[in-house]
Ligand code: 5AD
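What follows is a single chain, given as structure tokens, in the form predicted alone.
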């Protein structure tokens, strides 16, 4: 791709406009390093104009490794006999929040498998208890597909955000990754319901999941344009032991980072995390994602004894700079690339198209 064509596409995206399918394909398949670096630099400029050089931190609490689902790629799948199981009590979760508050976190992310023991009423009670003790903190939930009534209950209890990746827009591809009891249509229905109810909603996809094609990724981006979520998470597929996909190769960190840049250009206001999966696969994955346009990291606040048990994929990082207790290391890593920790809530703020066109 010539520099002129690349710059034209970058200008269209950063101006708040979509591009044609063949143009997405050209960007996703470009091979020369100069073009990729040009795109990453432009994405970094867009991020800096919107958010400065601060990177928001969210305290991640992994509340349960039990799951009723049997997704073919996930280490928490109910049929995985190698998985070690635990679930946190409400008081244990509150203790994590207390530690997080003492460390300066202003958002708590409660993530877990779809654990039948942690039902809708229980989850709402946990959210209500967190909000009672920490009324100014944001609470994000990532606990899978629930009913409209459940989502409304969580919102009424005080939850602010909800993360639910669509994983893949292609129905056939989704069916190959999930059990027959699950459907891509239901996942999309949940996402649109969350947005309609008023949650700050997060979606996203894996890069390099088994049988994924470039056309699948284009479909994913087009779906995100339709949904227009406030948060977009994308990380590389990493195989998990004890699953049908344990022997598949991991996704490409380079393609993941390229997708992060494209998402930043197309969705300039979005909150885009540098995912743990990328950091687990690439020694400088966090830094590269931030330089490509990511502006959120989620250090782990879970009790140390359970971190290795929440094994959604192999060799997941949860210590070092991925640990909430080691913010100095994270601060130093960000400082080395010209960034810093932003301890604000980092709520989604949409800017005008006028300012986008002048980036």
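Numbering follows the first chain given and starts at 1. Every value quoted in this text rests on a predicted model; they were computed, and no experiment measured them.
There is another form of the same protein, the form predicted in complex with the named molecule; it is not shown, and what comes next is about it.
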Quiz prompt | Segment assignment from 236-244, 283-291, 121-129, 215-223: heavy atom within 4.5 Å of the named molecule in the model of the complex | solution = 236-244
Quiz item: Might residue 160 be said to contact the named molecule in the model of the complex, defining contact as any heavy atom within 4.5 Å?
Solution: no
Quiz item: Can residue 206 be called a contact residue for the named molecule in the model of the complex at 4.5 Å between heavy atoms?
Solution: yes
Quiz item: Would residue 137 show up as a contact with the named molecule in the model of the complex if we use heavy atoms at 4.5 Å?
Solution: no
Quiz item: Contact between residue 74 and the named molecule in the model of the complex at 4.5 Å, heavy atoms?
Solution: yes
Quiz item: Is it the case that 108, 326 and 342 all touch the named molecule in the model of the complex, with a non-hydrogen atom of each within 4.5 angstroms?
Solution: no
Exercise. Answer with one of 330, 312, 40, 27: the residue that has a non-hydrogen atom within 4.5 Å of the named molecule in the model of the complex.
Key: 312
Exercise. Would you mind picking the one in 165, 266, 146, 169 that has a heavy atom within 4.5 Å of the named molecule in the model of the complex?
Key: 165
